[in-house]
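Single chain ahead, by itself, as structure tokens, in the form predicted on its own.
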């Protein structure tokens, strides 16, 4: 039974039970992934997972249920479950969304991706590993190397005659290498994602990972103190992802964000403009609607340093008596909706990365961070993180540094951004969203060795 046949049956049966407010949510994912180690397949899987959830509002209370099967027995199970669950529910603010007049079309599915068979992906993975190992004799191992594809379907239908469907797919590649020089070992990784393997340059992917690792060999300690630094785009993407929760309205309403009550105020340098862009062409989190059926649109969160809006789902929007921004998403079909960004885009600057280095003149380039889970406090904004980096003197990169810790506060970092380069980096999609950002020059960061 396909999802539309299932929908007809469960909607008809729901009405027979006297249920008038309800919603069906369906999600199905097909995943392929192969990893190699020393020229041999290390892991291989090719599977599908997903199912449906059913939500019904009965006498003002909301019941939820889900099933991994699309059959007649599941219809009965879902209806019985939502009725029972609604009787013990204590939720508030739930309702069935009526839909929007316009839903944008997004280009997130490429039929050509289905034409690449598993043997092609296995060979590509092996070729990437081989290219990395042959790049330089100091590259002693490839710690991780995988090639994967994902195809996803999302379908939403409800008692308000809303019916939405979206199909998407993508391919991904990742390689992580280890470089060694004497007693010093450093790692470097490179991630690629696209909708077609056609334009991929696997040699460049391998070389980029190797160059990152090699650039950190021969590291020297650095003097401690407060200094200006450049967060390389990949490192700054990690910072933004870690503290992204402060822009979610539900966290402000719970008292879990220091930005509460600051809409309309300047919270960052005038160099900072950040947008949530679900319609961003080529973005990793591009979509036409959210998990609650709200149409996607691009919105500016921070404009030239001023906070314009938080990101809302239906429930948090109702509390503030405004329209949802289309940021209500489910982690899976089994989950309740919460807030997440889509493509969280920090607007690029007008100068190159080399020009940004010259503007720094003396300081550090932070190329990588670790300890983000334990060394960062998302509510206060405080962080103390181990970092890899490069020393800059007179506008020139001199040598790598090691054993350094940087500390500060995320909200101060936003205020202290002096300049922004044009080198956009597309970060991996997480449960919070997918960060797109350039490298930034920041003043007054504490550095210790």
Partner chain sequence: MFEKQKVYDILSEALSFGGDFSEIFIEYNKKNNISFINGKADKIISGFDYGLGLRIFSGERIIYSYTNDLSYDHLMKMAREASLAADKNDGAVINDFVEKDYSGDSNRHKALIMPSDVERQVIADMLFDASNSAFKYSNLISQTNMGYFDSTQEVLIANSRGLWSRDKRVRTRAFISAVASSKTEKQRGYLGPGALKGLEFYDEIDLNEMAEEAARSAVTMLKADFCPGGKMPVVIDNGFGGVIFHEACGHSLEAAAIAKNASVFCDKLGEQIASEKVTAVDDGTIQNEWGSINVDDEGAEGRKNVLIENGILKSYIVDQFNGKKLNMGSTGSSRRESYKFAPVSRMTNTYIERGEDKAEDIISSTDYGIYAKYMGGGSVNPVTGEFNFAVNEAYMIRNGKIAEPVRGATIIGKGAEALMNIDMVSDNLRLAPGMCGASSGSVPVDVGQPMIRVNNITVGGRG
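Positions refer to the first chain, counted from 1. Worth saying up front: this structure is predicted, and the values here are computed from it rather than measured. For the two forms, the rigid core is made up of the largest set of C-alpha atoms that agree within 1.5 Å on superposition.
FYI, the form predicted in complex with the partner chain isn't displayed, but the following is about it.
Engineer: Of 351, 222, 89, 227, which residue is found within 4.5 angstroms of the partner chain in the predicted complex when only non-hydrogen atoms are counted?
Structural biologist: Only one listed residue qualifies here, and that residue is 89.
Engineer: Tell me, which of 397, 418, 424, 386 has a heavy atom within 4.5 angstroms of the partner chain in the predicted complex?
Structural biologist: Contact with the partner chain in the predicted complex is made by 386 alone.
Engineer: At 4.5 Å between heavy atoms, is residue 331 in contact with the partner chain in the predicted complex?
Structural biologist: Heavy-atom contact with the partner chain at 4.5 Å: absent for residue 331.
Engineer: According to a 4.5 angstroms non-hydrogen atom cut-off, is residue 275 in contact with the partner chain in the predicted complex?
Structural biologist: Judged by the heavy-atom cut-off of 4.5 Å, residue 275 is well away from the partner chain in the predicted complex.
Engineer: At the 4.5 Å heavy atom threshold, is residue 201 in contact with the partner chain in the predicted complex?
Structural biologist: Judged by the heavy-atom cut-off of 4.5 Å, residue 201 is well away from the partner chain in the predicted complex.
Engineer: With a cut-off of 4.5 Å between heavy atoms, is residue 298 one of the residues that contacts the partner chain in the predicted complex?
Structural biologist: No, residue 298 is distant from the partner.
Engineer: Choose one stretch from 67-75, 98-106, 161-169, 290-298: the one whose residues place a heavy atom within 4.5 angstroms of the partner chain in the predicted complex.
Structural biologist: Going through the listed ranges, the match is 67-75.
Engineer: Can you confirm whether 271, 308 and 430, the three residues that make up this candidate site, all sit within 4.5 Å of the partner chain in the predicted complex, judged by heavy atoms?
Structural biologist: The answer is no: none of the three residues contacts the partner (heavy atom, 4.5 Å cut-off).
Engineer: Could you pull out the residues of 415-449 that have any heavy atom within 4.5 Å of the partner chain in the predicted complex?
Structural biologist: Read in sequence order, the residues that approach the partner chain (within 4.5 Å, in the predicted complex) are 446, 448, 449.
Engineer: Core-aligned, does residue 85 move its Cα 2 Å or more between this form and the one not shown?
Structural biologist: After core superposition, the C-alpha of residue 85 moves 2 Å or more between this form and the one not shown.
Engineer: Superpose on the rigid core, then tell me if the C-alpha of residue 381 is displaced by 2 angstroms or more between this form and the one not shown.
Structural biologist: Moves: no, less than 2 Å.
Engineer: Answer yes if the Cα of residue 408 shifts by 2 angstroms or more between this form and the one not shown on a rigid-core superposition, and no otherwise.
Structural biologist: The answer is no, as the C-alpha of residue 408 shifts between this form and the one not shown by less than 2 Å after core alignment.
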